[in-house]
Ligand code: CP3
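Single chain ahead, written as structure tokens, the form predicted on its own.
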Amino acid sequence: MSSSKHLLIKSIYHEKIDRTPIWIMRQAGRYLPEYIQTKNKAGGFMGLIRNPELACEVTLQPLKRYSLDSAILFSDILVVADMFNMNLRFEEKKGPVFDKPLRSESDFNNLPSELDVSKLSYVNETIKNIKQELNGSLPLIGFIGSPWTVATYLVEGNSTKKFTHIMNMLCQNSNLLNKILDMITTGSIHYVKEQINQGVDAFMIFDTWGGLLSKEDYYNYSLKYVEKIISSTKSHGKPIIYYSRSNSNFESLKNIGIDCVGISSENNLGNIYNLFDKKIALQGNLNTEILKQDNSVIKKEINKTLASFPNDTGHVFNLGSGITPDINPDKVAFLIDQVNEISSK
């Protein structure tokens, strides 16, 4: 049981709540005009992440507009690469880029042998600022990428759609891949502990590309490492949300210590909840595209999503994937108000 007063935490722990909590993946982001202004002021995305005052400001922007039930730290899953001295930059229209990807043993051997988590101190500062501003009014979600998902970027060197290099490595040099995954896991454990020490109230593991793997590979190259992170941080008593886009291997998530699973929009909440024997909370899973429709359609789909979950608690309303830049902020206001109104009945 939690002693939390926050709706989000209570619902994750299946405690009594009077309505379904809601937050939105990427809620601080490119669909908000004020975000774009702040990003430009910071000189771009990386400048924004590395500026604790401005990163705090954009974290709070959606909370000023909407009655959301949580803040989520404004950062990126790839900042962990700072610990490996891999220089991350973002290119417009292309996303994250690493100029020296990890493709060979010698690439790996050039990395630092000791990981220095203080290279991420700007994230600690951001969390400190957010916690101060929130002053206990709402919980703050911290996050990391799963080692597998982070590895896809470190090996590919950018945001690819083909994943050729990492899939070749998995088949031809799994020993090197395991070393890379071990390193990311160690770095992630240090990093999560730092976030927890700074006061995040929950943390989320984004395993965006977990769905690329076959059932057996999914355990060996993704979940095995996620499980290590969970077991190293579980004693801190913070709920852990795990999200994998287009995942079909839910069965494997049952016993690794996750408190809440994010579900993308092609899955039925009730079916997955029953598969987890109603023991693991669910987050999701309205299709983002629905927010481009008429309000009447949005309302119908909200009703459908809420009705598909068979319990009064244990559900955190969210989209099935991150919100996209082409969504009108007014539609988000409508979504949140409707979820609050309908679920409180």
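So that there is no doubt, residue numbering starts at 1 and follows the sequence shown. All values reported here derive from a predicted model rather than from experimental measurement.
This protein has a second form, the form predicted in complex with ligand CP3, left out of what is shown; the following refers to that one.
Contact with ligand CP3 in the predicted bound form, judged as any non-hydrogen atom within 4.5 angstroms, is confined among 102-110, 67-75, 251-259, 128-136 to 67-75.
The partner is absent here; in the predicted bound form, the one residue of 228, 179, 165, 245 having a heavy atom within 4.5 Å of ligand CP3 is 245.
Residue-level contacts in the predicted bound form: of 264, 124, 174, 159, one residue has a heavy atom within 4.5 Å of ligand CP3, and it is 159. Taking the partner from the other structure, ligand CP3 in the predicted bound form has a heavy atom within 4.5 Å of a heavy atom of residue 143. Taking the partner from elsewhere, residue 206 is found to have a heavy atom lying within 4.5 Å of ligand CP3 in the predicted bound form. Among heavy atoms of residue 153, some come within 4.5 Å of ligand CP3 in the predicted bound form. In the predicted bound form, at least one heavy atom of residue 30 sits within 4.5 Å of ligand CP3. Within 4.5 angstroms of ligand CP3 in the predicted bound form, the stretch 35-57 places a non-hydrogen atom from each of 35, 39, 45, taken in sequence order.
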